[in-house]
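Two forms, one protein chain; structure tokens for each follow separately as structure 1 and structure 2.
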Structure 1
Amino acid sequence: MQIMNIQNRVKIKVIGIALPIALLIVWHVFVSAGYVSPHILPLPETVLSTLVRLLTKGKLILMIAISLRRVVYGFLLGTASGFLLGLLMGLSRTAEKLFAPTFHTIRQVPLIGWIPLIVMWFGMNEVSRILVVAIGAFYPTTLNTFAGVRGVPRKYVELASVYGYKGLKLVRRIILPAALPSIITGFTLSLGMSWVLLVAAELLIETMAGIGKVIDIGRETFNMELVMVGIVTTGLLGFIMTKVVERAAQAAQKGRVFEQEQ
């Protein structure tokens, strides 16, 4: 059974690696054969050479650093506020009745739809970009934290009360560990949404730097190599950040289990 599980994992990883390689091959063949003009879709090797050149000169690294700073600030702000609201509504039926109707009404507004209002309130600056990112992180964290806390089995709470677990001790030792998988899912979804909205904010809220600016410059100059570099960089960084959060979450879960066993 264990050998079969290992074989299945290897197959999944091989397929996961083979699929993007196959897409690159199809991309190369279609452009090389003239089905798509290289002015519209550059060859993969052209995009790669442009990427390497920009990295070597340090220009792309600077753009990435600025975007990462924005997404970190917005992500922390959005997840912190979302976690607190989700936890409050999950623990208190009264808080849910007070805040849930407003929350569920506001979250029906498309995330991009907040950008004009934020710009009018705060201007075309860093605060606006960070707030857009924070909104993207806020909703998934709130929803998943609420669902995780509310989904804790009642018997866990009743058994904990028998041993004198009340208030903050009950929340810290019983409710949060039980809700942790759902909370982690919320953080992961929030990071992905934050990154997507950051690029949108950099495109729509005028800025001098960032991954979105790279794409915008490519659009303005009809430099498709630059546009593709921005798109590829965005995708790779989003994938890497999501994996980092997932690994950190797994480590946190293992640490919590170890602590409880002790």
Structure 2
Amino acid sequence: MQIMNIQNRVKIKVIGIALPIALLIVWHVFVSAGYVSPHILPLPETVLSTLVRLLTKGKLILMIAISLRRVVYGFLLGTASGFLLGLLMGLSRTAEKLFAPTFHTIRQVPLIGWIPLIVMWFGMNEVSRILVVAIGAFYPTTLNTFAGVRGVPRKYVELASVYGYKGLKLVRRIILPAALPSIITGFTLSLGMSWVLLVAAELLIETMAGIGKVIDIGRETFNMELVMVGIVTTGLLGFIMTKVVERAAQAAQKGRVFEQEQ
């Protein structure tokens, strides 16, 4: 039975990579048969070798490092402020009534729309780029922290109050652990949004470096290989970051199973 399961899993994996492989083959045949110019669509193997070459010899690593720094700063700034606001609104109904209407009104502005204003106020610089990333990280964490804190089952709070838990102790020992799954969901979504907005910020706020800039240089010089390498790199980095956050989330919640209150 165990063996059957493994066989089954292997089968599913094989089915799953059949389509990407088929697409790569079609891509290769299409280009090498001359249906489309390699200037418009470079061969997949060229993209791969360019990626490896730029990673080992070129400045791609540096560009990645610069992008990652922006994401980390923006993510920390956005999630920290989002967490605090979400916690405050979750704990106090007065705070919710004070801030929620403004929060939900401002939330209607599509995130990218802030870029022109931020650039005018802070200039075409690193601060603006980090702020744009932070805005992306801010909303999901706020919303999910709020929902998590507000949704803490009443029975746990009642139990804690019977044992004399109050104030900070109640928040730290009962409310935050119970709200943790939702807060972690918020962080995960925030990271995704940060990554999306980073690329937008690097394309829309002129910069000398970063993975978005690599793609943009490729566009300006009509260097398709560079564009493709940039896209693949953003995808790979996004994948790695998601995995890291998922692992961290699993570790944080290890062994804890939460009851959902109906």
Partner chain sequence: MKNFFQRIEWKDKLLGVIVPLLVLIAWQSAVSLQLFSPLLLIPPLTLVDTLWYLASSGELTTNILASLNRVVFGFLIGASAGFLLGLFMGLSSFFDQFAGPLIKASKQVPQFALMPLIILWFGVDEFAKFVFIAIGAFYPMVFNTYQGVSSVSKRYRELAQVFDYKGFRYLTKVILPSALPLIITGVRHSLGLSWMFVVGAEIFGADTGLGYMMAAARNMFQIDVVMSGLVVIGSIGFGINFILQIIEKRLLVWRVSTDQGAKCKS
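Since this is a predicted model, take the numbers as computed values, not measurements. Whichever C-alpha set is largest while still superposing within 1.5 Å between the two forms counts as the rigid core. Here, a residue number simply tells you its place in the sequence of structure 1, counted from 1.
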> Is structure 1 or structure 2 the form predicted alone?
Replying inline: 1
> Is the C-alpha displacement of V244 equal to or greater than 2 Å between structures 1 and 2 once the rigid core has been superposed?
Replying inline: no
